[in-house]
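For this one, two forms of the same chain are given in C-alpha cells, first as structure 1 and then as structure 2.
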Structure 1
C-alpha cells in the first residue's frame, strides 16, 4: 500500500537527495576529464555567489527561470504540460518592444513599464490560446501543439526583426536601442546598501515583478475558486465535470495564464538588459522552466529556490569553464542535464524506500502506543 510521506520529505528531503545525487554523478564526470570535483564545486559556487557581479548575474538568470517555471507550473496544476514557454516568451518580446518603441522617447521608464508588462502578458497569452483551444475543443495534445508553436514563434520573430522592426540602414536583425524611457534601471543601490557592487550584471527591477507573480500564482491556485477548479481538473477531469466545472473554459484559462507568465519573462532581457529586441533572447529559459517547475514541486516557493539553483549553474558554470579549461560549456550543460534528470525523470528513485521507512516507523509507533495503552 502506498504510504503518504510528510510534506517536509516530499517537498524538501527528496529534492535535496535528488540534487545531491546529481552533483555526485557530475563529480564523476569532472573526475573523468582529469579535474578535481571539489575544486570545481568551489569555483562554481564562488562564480555564482562569491562577489556582487556574480550574485547579480545569478539573480538575473533566476528571474527568467521564475517566470517560465511559474508558466509551466500553472499548466501542470491543470493537468497540462506546456512545452511552449520558450515560444510564448519569444512572442512576449514583441509586446515589450512595441511598448518601449512607442513610449521610450516621451515618458520615464516607470510609465513604460506597466505597458510593457501588459504587452508581454497579452502576447504570451495570445500565443498560448490556439494550443489551449485545440486541446480543449479538438483533443489535440498540448505538448505537440506548443512544440510546433515554438518553431512558428522563431520564424515569426525573424520575419518581424528583418522586415518590420529593423531600422533603415541597419544590417543586424534587431530593433533600435531603446531610449532611457524604455530601459529598466539596475538595482545598484540595493547592492550598495550591503557594501557590494553589482558591476556589469543586468540585475534589475523585473526581479521584484517575478516575486510578485509568485505571490499572485500562490493566491490564484490555492486561495481562489478558479484555482480550485484548475487543480480539480488537473487531478481528476471526470470528477471535475461531475462537479460542474467546465473543462473547456478551465483549460483555456489555465493556458492563457501560463502563456502570460511566460511572455512576461521577456521584460527582463529585453527591457532590463539588451535595451532592444534581438533574435533568440530567451536563450532556452522556457525549457529550463520545465526543470525549475518540476524541482520546485510546482509551488512558487520551490520555484524561486530552483530558479536560483539554475541561475547559479548558468553563472557559476560560465566562471567554471573559464577557470578550468578542461570543463567546457558543454560539460556545464551536462551537469544541468543531470540535475534535470534526477529532479524530473528519476524523481521517484528515493520515494519507494522512504515510503517503506515511514510506513514501518508508523507501524512501530502504533505498536508502542498499543503496548503503553495496555
Structure 2
C-alpha cells in the first residue's frame, strides 16, 4: 500500500492540494453567509497587498507569525507539540516591558532593543521551562500542561497588569506608554525606496530580527550537533537514548528554545507598535503559529511563506470585514482552523489516492519502455 512518492509530490503537491481544499471549504462558508467568494478573495488580496500600508500591516502580522511558527516548529522537531506559544509570547511581554520601562528615558531605542530581546526570550523560555521539565522528567503530557499554562499565563498577566504595571490613577490594565527609547522605529525608508509609503503601518525592525531567527533556527536544526540530537529525539526517542543522546536535556533545551522564540514575538507588538504592555496583546498569534508551522512543513523557508500568507489573511481580512460587513474578522479564525485541519490533521487524506496513481503510472511507463524495447 505504501509507495514512495516523488519529493515534489510530498513537499509540493500534497501541501498545495491540502491548502486548496482548505480554501475551497472557506469559499463554501462565504457562500453560506451569502457573499461571493471570488469577490471576497479579491477584496482580501487587495486589502493585503494593494497599497503600501496594506503591505506594511501584512508584514507586521507576518513578523509575529514567523516567531510563533518557529517556536512551534522547533518543538515539533523534538517530537513535542507546544500549544503554549500563546502563553509564552504573552509572558515574554514582561521582559520587553521591563527593559523598556527601565531604559526608555535614558538611552536610544537600539540600546534598549537587545535588552528587550533578551528579556522577552528569557521570560518566554522560563514559561516553557516547567512544562518542558515535567514532560522530560515526569512524563506529563506537554500538550496538556502547555494548554494549562496558557490559562495560567493569562490570569498571571492580568494580575500583574492590574496590580504591578498599571500606573497610579490609570484605569486601563496596561503599562505607561514607553518614550522614544522604548519604541522601535518604523521602516518608512524601506518603503520609500520602492516609491511606496508605509502610511502608518507598524512594520518595524523586528521583521529583520524574525528573519535572522529563521536563519539561526535553520542553522541550529540542520547544521549543529544539538539540532541533530533534537531531530533524532523527535523521530525516535528510543533510538536517541540508544545513541547516547540525553533525553531529558534535549527535550528541555528544545522547549526552552521554543519558548524563547515565542517570547520574542512580544517585541513586535509591544515595542514596535503599541509602545506599552497591554492585556492579551498576542491576540491569538501563538495559535496561528501552529497553522504556520504545519503549513510551512516546520522549515524556516516554509514558515516565512506561511507567515506571510497568514499576515495577508489578518490584514486582508480586516479590510474585507470593512467592505463586506457580513464577513466579520472571525472568517480568519475559520480559515485558520481549516488550514490546521487540512494541512495538519487530514494531511494524509490524498496520499493513498496519489500513491495509487503514481504506482499505476510507473507500471504504465515500464510497460511502454518494455514495448519500445521490442
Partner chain sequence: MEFATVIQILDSTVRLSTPLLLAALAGLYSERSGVFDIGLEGKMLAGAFAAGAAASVWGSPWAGLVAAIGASMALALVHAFASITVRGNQIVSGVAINFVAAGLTALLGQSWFGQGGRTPSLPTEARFTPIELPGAAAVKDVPFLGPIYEGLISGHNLFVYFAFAMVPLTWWVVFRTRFGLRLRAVGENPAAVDTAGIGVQSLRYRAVLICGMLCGVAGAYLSTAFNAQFVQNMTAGKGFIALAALIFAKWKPLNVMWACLLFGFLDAAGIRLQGVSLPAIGQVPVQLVQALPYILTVILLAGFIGKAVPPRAGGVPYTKER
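Positions refer to the first chain, counted from 1. From a predicted model like this one, the values you see are computed outputs, not experimental measurements.
- Of the two forms shown, the one predicted alone is structure 1, not structure 2.
- Hinge residue for the rigid-part rotation between structure 1 and structure 2, picked from 177, 42, 234, 222: 42.
- Two rigid parts make up the chain, and between structure 1 and structure 2 the smaller of them rotates against the larger by 9 degrees on C-alpha superposition.
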